[in-house]
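The chain below stands alone and is given in structure tokens; this is the form predicted on its own.
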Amino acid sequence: MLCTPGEHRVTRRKFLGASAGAVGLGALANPAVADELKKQRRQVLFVWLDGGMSQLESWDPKPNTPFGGPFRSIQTSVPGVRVSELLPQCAKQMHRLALVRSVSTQDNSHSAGVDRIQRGDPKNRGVTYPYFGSAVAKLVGAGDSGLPPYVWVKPMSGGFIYKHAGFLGPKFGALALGDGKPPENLLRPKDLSAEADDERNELRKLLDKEYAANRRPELTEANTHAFEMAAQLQKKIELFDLSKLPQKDQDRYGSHDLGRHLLLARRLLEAGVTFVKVTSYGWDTHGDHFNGAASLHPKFDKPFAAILEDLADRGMLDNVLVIACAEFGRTPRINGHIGRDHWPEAWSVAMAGRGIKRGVVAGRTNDTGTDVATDPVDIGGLFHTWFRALGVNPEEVQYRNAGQPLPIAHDDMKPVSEVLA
């Protein structure tokens, strides 16, 4: 059974008033550092394979072993580096990729793992840390695109997911585009003139200003921010019409959800969105795993390779950090339903782009894939790695929550230096 993270379908009214009832505000400890960080264009594509992609059928195959399964490994564009035959297009892009095959995390359940992996799990201080997308929106900023800094493209419902922001405050939540479509009722009704709409917005601004007087800013700023973002999205509505793109682009990415959504992600990155997360569901293969993998993995392989190639061809890969991740991997041992269960003990993460070495592999598992054979990498180490790739040094940059300094990544962990450029 597929277990998905909590979703909060939000109406346009809630989307445009996302701050109601929210508390908590985070700020950088050093404003000068924050200003310097925002001068550079830095973006992230975060591909989330919800449920747990099997490392054994992707980045770390173990053919001809007791747990290896029926699929072969194939040579990649980097001599000596092999991946599963289910990823032939990604194999051709290996010279642009970095793999960490020694990821070892703690949580064996979706409910705990999804939050822990995406929040980075700093030492428990009794506060709710932001998801990585919200953290990047805060630390890197929205840039000059005028678009929301954190956009989540996903199947099913959309809305404004303020809870991702944790103590940073709802302004840094995720704008979720359900099925890759713009928010409902985004466009001005045809029977409302532009002049009347402008007058209503001026009245709203006056009322907002009056309401904000003598109230904590985090209770009102997200409301204003949501209206501003909606106005910018109205101007960029053409981003969502993929039918106008060349047919060869649509064919290269595929007509399935992940293909369409990664093609939209490319458009959003081209338009300047700072952080784009694309979620694919259905990877929790407890039964009939190998038939499932034969269907699922090609749907990832084709568009993921296509977007890597496109970002490189457009000169964007030097500025966009690309990550393919999940909450854990799959068990080496095959269960009685011909499936693989949850396995946080030893799995893989793929990266590319900004701040990342190309064509490298860090860490390894043992011969049967049951355990990490080198120094294990927990999610805190990956957060150190990702922040440093973006030019954010966790030793120099902190959050502030109600005056309390807080680390942006786990104090006791270090980056995976082998993959940092």
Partner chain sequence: MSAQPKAASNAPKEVGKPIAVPVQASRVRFSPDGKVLAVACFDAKARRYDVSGKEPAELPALGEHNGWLSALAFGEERLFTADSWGRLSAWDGATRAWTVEAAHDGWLRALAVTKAHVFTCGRDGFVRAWSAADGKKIAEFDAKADVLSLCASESTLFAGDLFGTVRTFELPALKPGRAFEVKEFYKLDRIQDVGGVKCLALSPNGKSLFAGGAEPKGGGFVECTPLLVAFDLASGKRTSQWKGANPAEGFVTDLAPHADGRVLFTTSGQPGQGKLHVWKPGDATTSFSGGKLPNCHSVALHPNGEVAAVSATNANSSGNGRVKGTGGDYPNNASPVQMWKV
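Positions refer to the first chain, counted from 1. Only a predicted model underlies this, so the values are computations on that prediction, with no experimental measurement involved.
The following text describes the form predicted together with the partner chain, which does not appear among the structures shown.
| said: Looking at 158-166, 278-286, 242-250, 137-145, which stretch has residues with any non-hydrogen atom within 4.5 Å of the partner chain in the predicted bound form? | reply: Result of the contact check: 278-286.
| From the list Lys235, His337, Lys209, Arg314, which entry has a heavy atom within 4.5 Å of the partner chain in the predicted bound form? | Checked against the cut-off, the match is His337.
| Looking at the partner chain in the predicted bound form, do all three of Asp257, Arg333 and Trp343 come within 4.5 Å of it through at least one heavy atom? | Yes, each of Asp257, Arg333 and Trp343 comes within 4.5 Å of the partner chain in the predicted bound form.
| said: Even though the partner isn't displayed, in the predicted bound form is Gln75 close enough to the partner chain, meaning a heavy atom within 4.5 Å? | reply: No.
| query | Using heavy atoms and a 4.5 Å limit, would one call Gly391 a contact residue for the partner chain in the predicted bound form? | reply | Contact check for Gly391: no, nothing within 4.5 Å of the partner chain in the predicted bound form.
| Applying a 4.5 Å heavy atom distance criterion, does Thr370 contact the partner chain in the predicted bound form? | Within the cut-off, so yes.
| query | Any chance Leu296 has a heavy atom within 4.5 Å of the partner chain in the predicted bound form? | reply | Output for Leu296 is yes: heavy atoms within 4.5 Å of the partner chain.
| message | With the partner left out here, which residues of 61-79 have a non-hydrogen atom within 4.5 Å of the partner chain in the predicted bound form? | response | Stretch hits, in order: Pro63, Asn64, Phe67, Gly69, Pro70, Phe71, Arg72.
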